[in-house]
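First comes one chain, alone, set out as structure tokens in the form predicted alone.
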Amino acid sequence: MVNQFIITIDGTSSTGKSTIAKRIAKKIGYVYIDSGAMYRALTYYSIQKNIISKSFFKKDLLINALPSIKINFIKNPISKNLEVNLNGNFIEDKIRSLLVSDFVSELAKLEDVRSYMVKIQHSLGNKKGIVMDGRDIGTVVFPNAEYKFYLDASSKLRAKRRYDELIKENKEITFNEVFENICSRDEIDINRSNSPLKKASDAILIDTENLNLDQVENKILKYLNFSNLNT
């Protein structure tokens, strides 16, 4: 392809950003980058290294360790998918737990952490031809992206979607626990002083409340100029 663009898909948690971004990337032959998985990988690292728990958060220890933490997206020889890799290890199956979800927003609001992540994200987008989802991709990471979308839905519906996913994975969890986690993450993401979650002024808002994944995908594809994307 001669013309390659950056497509950003931001929004609140559990709106289907990752699934939709992955589907769009596959449809148009772009590379999908899950920025949320990067923050989850760092959170998983922090839990494993006893840097964060419900009773403490050793912020200085994490910040000092950042230069030695390598997060990348590499094709997994087993799954054949591009997956997040932490210090040489594929950890895709370890970063989706509610425990990681409980702490990820706390890490994500640290200025040093976000600066570290943005550098990695910029390097991944150097050649364009990517679809990246997250919470500040269209506002901070790639403010000049050619295509920007913002997905949203009510907190109750998003909690129901996440709860159903966890139940399918045989997780022992209650709906109220998931709902409280969703609301807490929204509060932290929207009100953090550094790179808060918000819709970019030029992003296209898509309310996913009454739409299934196919409908959301088709809605986005209609906005994309395939004559440009595939030339």
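In case it trips you up, residue 1 is the first one in the sequence shown, and so on. Worth saying up front: this structure is predicted, and the values here are computed from it rather than measured.
The same protein has a further form, the form predicted in complex with a small molecule, not shown here; the description that follows concerns it.
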Original post:
Thinking of the small molecule in the model of the complex, which stretch from 69-77, 150-158, 108-116, 83-91 has heavy atoms inside 4.5 Å of it?
Top reply: 108-116
Original post:
Can residue 46 be called a contact residue for the small molecule in the model of the complex at 4.5 Å between heavy atoms?
Top reply: no
**OP:** Tell me, yes or no, whether residue 122 is in contact with the small molecule in the model of the complex, where a contact means a heavy atom of each within 4.5 Å.
**Re:** no
Original post:
Does any heavy atom of residue 131 come within 4.5 Å of a heavy atom of the small molecule in the model of the complex?
Top reply: no
**OP:** Look up in the model of the complex whether residue 192 has a non-hydrogen atom within 4.5 angstroms of the small molecule, and give yes or no.
**Re:** yes
